[in-house]
Structure formats: structure tokens, C-alpha cells
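First comes one chain, alone, set out as C-alpha cells in the form predicted alone.
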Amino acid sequence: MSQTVLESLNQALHRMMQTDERVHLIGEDLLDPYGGAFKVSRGLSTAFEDRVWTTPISEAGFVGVAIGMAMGGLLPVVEIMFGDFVLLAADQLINHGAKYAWIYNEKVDVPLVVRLPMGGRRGYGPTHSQTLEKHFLGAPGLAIVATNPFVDSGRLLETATRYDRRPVLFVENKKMYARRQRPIQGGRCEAMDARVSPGPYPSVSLSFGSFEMADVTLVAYGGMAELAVEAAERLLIEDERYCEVVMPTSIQPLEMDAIAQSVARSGHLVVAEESPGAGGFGAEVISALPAAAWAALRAQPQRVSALNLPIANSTALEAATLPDVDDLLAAMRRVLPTAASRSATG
């Protein structure tokens, strides 16, 4: 049985700290037996007592310390207890860490990873359930990477920590922690055809049929990835239409090759995100489509996102606010031609 996403991340941290003394962990409530709010850091303070730094409640302070550690040659990994709190460190990230390579004429770099448990569907209410990485889109010098169960989450974190010389926001959807990794082997992922793009932060494309048969492209990342696959399966069963799901892990800079190639095949595009849509991921994907992909579109692209409201404590209201499988399915049906018009046009 495969690891959970949480186990993959935890073992990656153990592996990195075992093999590279430059890796340090810093954040709130990291010490055992607590081991962090979601237990991703469990066992690390016991095994590496002198390299796990538990801090007061001061996100701006300890992110600033971590930036200094990175500039001094270390590889710090910051854990923000809930991703919602990253806004408290926004000045350190945007006005300091992300700019230092330019300010100091590339004589320094800031190889820093800030882990962000984001997302809702766990009943944590309006200030602990948000998906806020979109507010960092467009910040020069800052990379945003989001994992999902279809990539090796631990390896992705290791790439960001050991090999990326930029500050990286590493987005981990909280609902995903208990999910099993769904590995891709030999071009297959369970009942689906699978493709993985090259590069350190791959995009994964999945289809229940041949990629050449795709009727619609559904782009989703992070916590929306498995919902997108579920919607693709329902579209095939209920409508006999094929959906290609494309899941980028590099959100900034946005990896567009796999998306553009899929749109060129399908001619229809739906983009999904868990946050409210204004100024977000969906808008960026659509605006970044290359001319060839635009020329292939046969209908206006559709966006699926959360309502522009705070996330409620009530389970029913939270579910009504966040996008779900039914929303994805409805968007694909809106963008696709009806069976009658498809038959008339061949």
C-alpha cells in the first residue's frame, strides 16, 4: 500500500535532515510529542534536536530569521501552522526574501521553503480554512509549488528544499494529508492513461481514455486535483465524454505546456481552484494560453472557484461555499456542445 501524502512529506524531511546538515526546520509547536499541528514534523525534534527550532507566535519574525539563515548558507524549511497565517509574513517574503538576489546583484540567494497547509473541508472556519496562495501570484522572485496525490509529494518537497535557490511557497492542502499517494507507473495511474511533464516540478495529465479522444481539458491543482479526476470519471460514465485532467505543480511560474497541448487536442477548457476566483489561478491560466491554444478553443473557457464569501464554521455552509465535483461536472457540460449539436457537426 502506498504512503499517505503526510507520510511522504514527513519521511522526506527525515531523509533530508539525515543526509544534509544544512537543512533546518523552524516554526510553531514543532517539538515532539506534538510534532506540528498536522504531524508532518513528527519525530524530527527527537532525531535532530539541534536543528528543529520551535518559535513564539510571530510568523513575520521567524520567516525573517529563516531568510537570514538561507542567506548564510543553510537550507531552512519553515512550517506555517495554518497557511492562512502566511499573510503575517508577506512583507518578509515579498519585500525581502524574494528581492535580495536583485538587491545584492545576485551575490546572494535565498533558498528558503515555506510550507503552507491550506484549504478547507475540515470545519476550521473562516480564518483557518482558506486557500490564499493566489495573493502571492505576481510577486517577482517568489516560486509557488503545490503538491497533490498524483506526484511524489516528498520528492517534490525535497526538490524545493535542496535544489531550488529561490524562496518557495510549498502548498499542502490539509484535506490531502490523509490521502494515499497514487503513483504513476508505465504511463498508467490505476485505470487512467498518464503523462508526466519533464522538469523539477512536473505537471501530471490523466485521462480515462486515449489523450487523443479528449473532449474537454480540466485544469486543477492541489486540493482540487482528486475532485477533478472524480468529475472526469463521472463525465465518462454519465455523458460518455472524455476529459483530460491536467494538474500543474508549478503555480508560479505557471507551467503552461501541458495545458496548452491538451487544449489544442480537446478544444474546450475548464479551470478549477479552491479559492474565490477573482484575481486567481483560473484567470492566470486563461490569460496565459498561447495563441495556438486560443485558436483551438471552440467555446468560451469556464472557471470553477469558491464563492466570494468567508468560509463558514457550519459544515453545510462550508460545503456550499467551496467548489465540488458537481460544480466541475456542470462547468464541463456548459462548455461542451450538446449531443445533438455534436451529431449535426460531426
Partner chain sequence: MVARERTGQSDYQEERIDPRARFAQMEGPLSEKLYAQMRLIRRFEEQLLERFDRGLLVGTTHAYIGQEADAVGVINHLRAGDVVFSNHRCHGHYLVWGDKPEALAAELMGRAGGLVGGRGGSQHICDGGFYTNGIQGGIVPGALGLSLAKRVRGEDAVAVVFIGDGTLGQGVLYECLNMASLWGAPLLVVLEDNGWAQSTPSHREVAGSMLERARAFGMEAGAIESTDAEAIYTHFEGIIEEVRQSVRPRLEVIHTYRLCHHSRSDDHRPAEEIEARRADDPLPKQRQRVSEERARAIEEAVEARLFEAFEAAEAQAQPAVEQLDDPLLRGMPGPQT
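Residue numbers count along the first chain shown, from 1. This one's a predicted model, so the numbers in the text were calculated from it and none came from an experiment.
The discussion below concerns the form predicted together with its partner chain, not included here.
Looking at residue 186, you'd find every heavy atom of it more than 4.5 angstroms from its partner chain in the predicted bound form. In the predicted bound form, its partner chain sits within 4.5 Å of a heavy atom of residue 156. Shown alone here, residue 333 lies farther than 4.5 Å from its partner chain in the predicted bound form, counting heavy atoms only.
Contact between residue 38 and its partner chain in the predicted bound form is not found at the 4.5 Å heavy atom cutoff. Stretch-level contact analysis of 302 to 310, 315 to 323, 46 to 54, 284 to 292 against its partner chain in the predicted bound form, using heavy atoms and a 4.5 Å limit, identifies 46 to 54.
The three marked residues, 24, 62 and 73, each reach its partner chain in the predicted bound form, with a heavy atom inside 4.5 Å.
The listed set 212, 238, 106, 190 contains one residue whose heavy atoms approach its partner chain in the predicted bound form to within 4.5 Å, identified as 106. The partner is absent here; in the predicted bound form, the one residue of 126, 276, 123, 141 having a heavy atom within 4.5 Å of its partner chain is 141.
Residues 252, 253 are the ones in 235 to 253 with at least one heavy atom within 4.5 Å of its partner chain in the predicted bound form, listed in sequence order.
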